[in-house]
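First, one chain by itself in structure tokens, the form predicted alone.
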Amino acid sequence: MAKTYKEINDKIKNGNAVVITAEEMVKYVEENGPKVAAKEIDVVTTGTFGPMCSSGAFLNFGHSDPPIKFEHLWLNDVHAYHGNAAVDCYIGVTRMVDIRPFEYGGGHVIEDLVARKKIRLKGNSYTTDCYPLAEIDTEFTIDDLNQAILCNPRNAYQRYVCAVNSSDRTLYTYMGKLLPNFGNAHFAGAGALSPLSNDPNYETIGIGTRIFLGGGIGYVLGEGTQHNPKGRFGTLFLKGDLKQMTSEYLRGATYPEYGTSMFVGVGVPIPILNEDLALKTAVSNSEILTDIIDYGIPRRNRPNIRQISYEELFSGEIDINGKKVKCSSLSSQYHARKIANELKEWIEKGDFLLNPPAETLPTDSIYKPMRQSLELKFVKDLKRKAVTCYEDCEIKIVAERIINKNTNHIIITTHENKLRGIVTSFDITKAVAQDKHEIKEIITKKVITTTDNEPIDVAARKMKQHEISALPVIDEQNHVVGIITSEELM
């Protein structure tokens, strides 16, 4: 039995619509079957609340007197993009303050804005005859603005990967802090509550679809950037009125040593137009699969360890090659459920009608990586043969090798060529001055390393961050396969 949007909206207006959440739909279809569900259920509500870095807002301040045409402007010291009309700007959630990086960014500005807090606006101009004001420094709240439009180019991924780290150092990523040697695992997304998991072919989601966004009403503008339906990584381009939204569902976020973002609350109603949609909205966490990806290996060689279900992810512990690894979500399942239930209440009260999309999302888009005209260099392109000594060598032998090989770095290995540490010419100088004779007295055992397939700029950043001048190059078994120094990088 097929239904129409008009029939469902009429039931919503009359207060007769049957609305349940996506989690409730799983149990309902299991007990009653998709045919009965298609007949009895009118709308299934979804929800997700997690970090969505491709988000931001257009703001219009109105004209000052005398007027100004912004060349640069800052909101609470966060640099915003001015390249629109004179007093419009776009602030992105990942833009950080210059004076306190990693502490505050565009996402926090938007959170403060919807919380009705005062925002400091500083701006300057190159001045023109019609815009003679050169500088401005003032405060405003969201109610002083003409428009405050949340405009998010890429939100609500259909699924997210599970990120792990096999390397021997901690990684700070957009998937959070990944501990070395598979010390933890992070994932995101709401599983069975996730909007695009409940309409994987985008039959009801497209341009003009009315949604829950940030605590207010928003709309789908179309497919999000990097929309990749063939890889089950569909995305949404969303917009809504910030003045309707709340700071509960728009939260600024800080990722240590990575940057800032914003948690965004999104809920999409799925009209049950037919039996097929009833079945699709009953998808369970055990049926939604994603991949465990090793972030400890450079992107082009990054392995897919295995597929995993959201049911296993939500269990809090996953299996990686026989090792039990603690697993946690970057998204809030509590808020995802709350969004789905709030949207359900709006519809039941008749405050929210469904919009048939003017055009559904494409299902045949091809996702392409960046075209790179210059060849990217990797460590293997610049490394040289390492000068090594065994851990039981005398300091005199190490000193002689530094002189004979004209090097400042000696890699200390086992007899099986496994890395044990590093000694520099400065270490030898100190040893002589302090009358030390054994390698174990001067060796640096906590060594920052690199691999053949690490990009050169990453290796350079490691040296700068740790104030060192060389990195041993190791393979997956911790065997020394070379060395790269600041000389090669220069």
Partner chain sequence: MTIINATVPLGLIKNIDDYSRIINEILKHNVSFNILKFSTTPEGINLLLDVPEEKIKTITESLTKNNILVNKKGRVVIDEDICIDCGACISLCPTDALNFKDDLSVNFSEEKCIGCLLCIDSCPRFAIQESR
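Residue numbers count along the first chain shown, from 1. Small disclaimer: the values here were computed from a predicted structure and weren't measured.
The same protein also exists as the form predicted in complex with its partner chain; that form is not shown, yet it is the one meant from here on.
- Here is the short version: of L330, I119, I292, L277, the single residue with a heavy atom within 4.5 Å of its partner chain in the predicted bound form is L330.
- Interface residue among E103, D351, E359, E394 relative to its partner chain in the predicted bound form, by the heavy atom within 4.5 Å criterion: E103.
- Note on the interface: of 225-233, 334-342, 137-145, 365-373, the segment with non-hydrogen atoms within 4.5 angstroms of its partner chain in the predicted bound form is 334-342.
- Contact between P303 and its partner chain in the predicted bound form is not found at the 4.5 Å heavy atom cutoff.
- For the chain shown alone, Y255 is a contact residue for its partner chain in the predicted bound form, at least one non-hydrogen atom being within 4.5 angstroms.
- Its partner chain in the predicted bound form comes within 4.5 Å of no heavy atom belonging to L213.
- Shown alone here, F263 lies within 4.5 Å of its partner chain in the predicted bound form, counting heavy atoms only.
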